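Below sits a lone chain in structure tokens, taken as the form predicted alone.
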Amino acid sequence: MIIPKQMPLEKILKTIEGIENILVVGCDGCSGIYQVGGIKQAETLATLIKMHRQLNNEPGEIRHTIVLRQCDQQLVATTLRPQMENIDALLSLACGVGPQTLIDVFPDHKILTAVDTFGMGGKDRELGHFFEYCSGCGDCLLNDTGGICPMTRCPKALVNGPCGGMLDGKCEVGDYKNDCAWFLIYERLKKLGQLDKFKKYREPRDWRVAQSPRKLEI
């Protein structure tokens, strides 16, 4: 799941300064699932912007809506085109893919974002913490590493075991507070009886696979 977080209100208000008519666009995908950019969050943000403008006697109309998935151009077009009358800008509550998709569909409008995006990860059951697990590199190693990605979970993206900075299973990056990815990989492969994979030599990465921007045929 993509990990989004709404920007502070002060930052959002500064971003939209001087723009009168704004449509706040939520996303019912990743952003909506984690209650960052769903319909309730879009409505709340629109209301806060309206209140700010009323207090400061600023002109303009603020509306809100939601798209099932902002990363889908067809859904964006069919959902938003009927709502675009007199709109000067779209304020996206999706991940970083969302506003860039909005630009493709509405190239003549200002497209702004109210969300910071922190990559792809998973959420724990109780504490509400998110953990970045995947960088979308396009050349997956999970089958060799017990399902733990060294490209993302090792700060140095090492593919052939831990560096000399590992101590007691902890990584030197971050002052030994985080688990060493390769220690986790070793323990996982040991548990699975697959330590032969830990000893496997991996060729240097072909970064052309991960070179951006990519056009993917799926």
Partner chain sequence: MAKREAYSKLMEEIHAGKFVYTGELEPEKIGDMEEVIEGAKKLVGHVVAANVTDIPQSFAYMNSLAPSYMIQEIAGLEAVCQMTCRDRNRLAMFADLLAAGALGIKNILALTGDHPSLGDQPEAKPVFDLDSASLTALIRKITDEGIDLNGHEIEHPPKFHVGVAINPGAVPLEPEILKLERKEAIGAEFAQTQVVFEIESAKEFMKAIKHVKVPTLIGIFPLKSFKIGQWMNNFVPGVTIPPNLLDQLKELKKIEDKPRRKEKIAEMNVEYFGEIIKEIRKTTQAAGCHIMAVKWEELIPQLIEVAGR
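This is a predicted model, so every value here is computed, not measured. Positions refer to the first chain, counted from 1. What we label the rigid core is the largest C-alpha set whose atoms superpose within 1.5 Å from one form to the other.
Another form, the form predicted together with the partner chain, is not on view; read the next lines as being about it.
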Have a look at 33, 39, 68, 163 for me and say which one sits with a heavy atom within 4.5 Å of the partner chain in the predicted bound form. 163
Students should find that, of 52, 63, 156, 188, the residue having a non-hydrogen atom no more than 4.5 angstroms from the partner chain in the predicted bound form is 156
Is residue 18 near the partner chain? Define near as a heavy atom within 4.5 Å, in the predicted bound form. no
Is residue 48 a contact residue for the partner chain in the predicted bound form, using a 4.5 Å heavy atom cut-off? no
Residue 172, heavy atom within 4.5 angstroms of the partner chain in the predicted bound form: yes
4.5 Å heavy atom contact, residue 11 and the partner chain in the predicted bound form: no
Partner-facing stretch of 148-156, 40-48, 53-61, 22-30, counted where any non-hydrogen atom is within 4.5 angstroms of the partner chain in the predicted bound form: 148-156
The partner chain in the predicted bound form - contacting residues of 184-203, heavy atom within 4.5 Å: 186, 190, 195, 198, 199, 200, 201
Given a superposition on the rigid core, I'd like a yes or no on whether residue 203 shifts its C-alpha by 2 Å or more between the shown form and the other one. yes
Once you overlay the rigid core, does the Cα of residue 59 travel 2 Å or further between the shown form and the other one? no
Superposing on the rigid core, does the Cα of residue 68 end up 2 Å or more away between the shown form and the other one? no
